[in-house]
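Just the one chain here, the form predicted alone, laid out as structure tokens.
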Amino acid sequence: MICQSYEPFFKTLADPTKLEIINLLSKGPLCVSIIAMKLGFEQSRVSHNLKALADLHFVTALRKGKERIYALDEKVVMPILKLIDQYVERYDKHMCKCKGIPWRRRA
């Protein structure tokens, strides 16, 4: 069943570190060192999570000299994230009332 392949996708979106990286990259492409600096993470932590995001095709990497510049996949991931944003915006009031599901509003 296709739903079984949803698990890695939703686990990725539920992971706080990966989600912070996705949020940062939604503003534009960046290299590992800049991502680490902006998020206050160790570079190895960022690299590890970027590798996982690249393996799932959330991000693409472009080599520029010695660095790799990471960006969200514009054709697939960005439209999905926009749909999720629209859903959250529309149903935010209802999700806050859900029992048993921790929910916090985005800043």
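Predicted model only: the values in this text are computed from it and were never measured. The first residue of the shown sequence is 1; numbering continues from there.
The following text describes the form predicted in complex with the DNA, which does not appear among the structures shown.
- In the predicted complex, the DNA sits within 4.5 Å of a heavy atom belonging to Val32.
- Contact check for Lys27: every heavy atom lies farther than 4.5 Å from the DNA in the predicted complex.
- The DNA is not drawn, but in the predicted complex it has no heavy atom within 4.5 Å of Lys75.
- In the predicted complex, the DNA lies within 4.5 Å of some heavy atom of His48.
- Shown without its partner, the chain has Lys51, Arg63, Gly65, Lys66, Glu67, Arg68, Tyr70 in segment 51 to 74 as residues with a non-hydrogen atom within 4.5 angstroms of the DNA in the predicted complex.
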